Ligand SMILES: Nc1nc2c(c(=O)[nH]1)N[C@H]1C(S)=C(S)[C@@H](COP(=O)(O)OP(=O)(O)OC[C@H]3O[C@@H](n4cnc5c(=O)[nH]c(N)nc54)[C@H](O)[C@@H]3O)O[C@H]1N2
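Quick setup: one chain, the form predicted alone, written in structure tokens, and binding and motion questions come after.
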Amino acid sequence: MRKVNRGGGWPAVFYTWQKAREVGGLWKLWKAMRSKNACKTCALGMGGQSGGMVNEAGHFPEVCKKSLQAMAADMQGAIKPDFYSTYTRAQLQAFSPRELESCGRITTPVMLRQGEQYYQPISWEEAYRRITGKLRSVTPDETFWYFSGRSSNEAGFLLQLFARIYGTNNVNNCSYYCHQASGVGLTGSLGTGTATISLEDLDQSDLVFVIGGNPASNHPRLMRTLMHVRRRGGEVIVINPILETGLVNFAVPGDVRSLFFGSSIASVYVQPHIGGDLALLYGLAKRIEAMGAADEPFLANQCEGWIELRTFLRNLSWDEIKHKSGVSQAEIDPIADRYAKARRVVFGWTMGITHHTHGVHNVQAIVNLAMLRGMAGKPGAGLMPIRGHSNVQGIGTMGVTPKLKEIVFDRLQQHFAVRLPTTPGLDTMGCIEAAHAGKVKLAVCLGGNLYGSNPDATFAAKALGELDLIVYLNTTLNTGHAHGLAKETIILPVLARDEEPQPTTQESMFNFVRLSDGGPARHDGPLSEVRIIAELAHRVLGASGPIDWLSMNNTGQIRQAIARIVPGMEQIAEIDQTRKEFHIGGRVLHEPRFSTPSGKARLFIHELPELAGDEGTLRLMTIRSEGQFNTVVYENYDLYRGVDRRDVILLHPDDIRRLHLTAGGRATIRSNAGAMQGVLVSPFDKIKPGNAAMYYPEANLLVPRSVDPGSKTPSFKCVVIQVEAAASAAQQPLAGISSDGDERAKSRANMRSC
């Protein structure tokens, strides 16, 4: 397909018209987007009481393709009644992620049992009866409870409360597979696991680092902010193994000048090897110290470990840095020069930093670099993990983690007059491995796609297949409903955020709590998550206990409990009356006071890991396309990378020649976790030689279950692979992955029949 030379721009405008046609017209889409509900996609913060398309700083219009895609998906028609009797389990497994998403809204509970070929619709009463019966028949620690970031604070709080009073701490969320390394790393360094800045701080910064991420595709609203940094004379430094088109130049559709002429984004763009970020970060720190640019008074008065870190940096050789990062001192020095001159610096990163077996170390190295010049604890500067889902941070704030913070644990027990379990809970990977070992019998998944988000997809499918029952609460179909099947699988249809009958709240990545008004349901059948959870808890735990679960169907009552239990959330008690959205107290750091035992930031020293692989292998990173959001694929093409299919491996032309492959030919990809055959070799000169990229979640077959020991986050971004030209018998496209135009035409035919 034709490559574009900038992100955003007129293609984004035309895409808006396309989505408007799909949902019944521009006015209909406009009304949906302008409703007073928090955005359904990334966590930058849009919507709420200022109305949709307004960010938390009050700017209008704020909109991006991701939010349009999510809204259009929720505005789909219902899955037709004969769908479930038409498509077998095997046929659903042949559907691509996009095809499943495009089947329509789920509007009735459905069930699939082992040995049967078709999902069958069931009543809500039968669904409740089967789920509660199984919950009564197993022990609490034979269950696990998984949460995605699509849900509200109220639903997250209520379900984790249900799980704990039921008797288990096997409570976890999708953050374990994305930003958990950020939370662990930041907490160890600063005593807080979230961003230390507000959105307004970015408007004061004169330098922003974007490390290991591609916000042009995954967080497009951030691009307006980066555009303004450059316009006021600031700098943007991008660190990424792939030269991403949108991070070089981006045309912000809501800005006339930018729309017509584009906006330069990256001042400097450096490409380390995959897994080389830690060495690069230490190289920058070494150069800053050698230049005499370190803020010695700040380091002496506000930090622990400076003397040890300084000694480590001085002894670190440039040869080791270059060898382990793929970046020379000549490339590092200009970045250090810009950093040394800047007065207010924000460090942002995404999963290119966290998706490694040393993800926590990566995050702590970023904190070290910020502390060297006192770039935390003052306005306009700080740390910014760029979260990928609109309420994933809020779900964590609500206590969705195996081990509760001590203050939350104590307050929960006191407020509800209950005794909570103290057994160690399992993280997300721990739950999957326990299921595989037959130690867990039942799983409840509040949104998301647990199967699709797991590494080692073959193992994940087998593990979920060992469960007696898995319960999914979703709005649309995903690959988990086709592959992540237990002996009995039940899907419960839920309302979208802007269909909730009562107000709910969400938290942005800037610790800002937004109020969503909800709205009219688009279909008969789906229920609110809070209503479903309250009903299940009532049936399982009964009406005679300390909690009247049916009364907890009231989101206002849940917020009263949250205000009394979760530190910093006091204002949520009256948010539906005051309509006043707020920052959670104690998280935004405009003074150098850190929540560590000493009150000082901790500086860490880490040995630099060797680059993975050898001469005969490549380092693979799994990536998302411009047309997808997390595991949800809205479009098969990737406009910014000029790729029109997903069954591909992106390789530098030098590596294609070195490995004796043929551009446009098929290849077999092998890793320690598995193999994929029939993968198209796509020349891609924007990636650093020695590295490769494939699309997530399809490439999860290749990702091993190796996790960072500190955060339990898998290493999706650094998989050692071997690539071989495919034998003639393996030349067919991968099943379930749309490829060329004929395949897309077949997909559209399938969707019409859905």
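The structure displayed is predicted, hence computed values, not measured ones. Start at 1 and count along the sequence shown; that's the residue number.
The next section is about a form of this same protein that is not shown, the form predicted in complex with the named molecule.
May I ask whether Lys66, Asn240 and Lys717 all come within 4.5 angstroms of the named molecule in the predicted complex, judged by heavy atoms?
The answer is yes: all three residues contact the partner (heavy atom, 4.5 Å cut-off).
Is there a heavy atom of Phe459 no more than 4.5 Å from a heavy atom of the named molecule in the predicted complex?
No, Phe459 stays farther than 4.5 Å from the named molecule in the predicted complex.
Any chance Gly213 has a heavy atom within 4.5 Å of the named molecule in the predicted complex?
So Gly213 counts as contacting the named molecule.
Counting only non-hydrogen atoms and a 4.5 angstroms cut-off, does Asn700 reach the named molecule in the predicted complex?
Heavy-atom contact with the named molecule at 4.5 Å: present for Asn700.
Leu412 versus the named molecule, in the predicted complex: is there a non-hydrogen atom within 4.5 Å?
Close contact is absent here: in the predicted complex, Leu412 is far from the named molecule, nothing within 4.5 Å, heavy atoms only.
Pick from Thr108, Thr245, Thr350, Thr168: which has a non-hydrogen atom within 4.5 Å of the named molecule in the predicted complex?
When the named molecule is considered in the predicted complex, the option within 4.5 Å is Thr350.
The single option of Tyr177, Phe209, Tyr339, Phe510 touching the named molecule in the predicted complex, heavy atom within 4.5 Å
Of the listed residues, the single hit is Tyr177.
When the named molecule is placed as it is in the predicted complex, which of 364 to 372, 340 to 348, 141 to 149, 250 to 258 ends up with heavy atoms within 4.5 Å of it?
Partner-contacting stretch among the options: 141 to 149.
Going through 446 to 460, which residues have a heavy atom within 4.5 Å of the named molecule in the predicted complex? Please give them in sequence order.
In sequence order, Leu446, Gly447, Gly448, Asn449, Leu450, Ser453 come within 4.5 Å of the partner.
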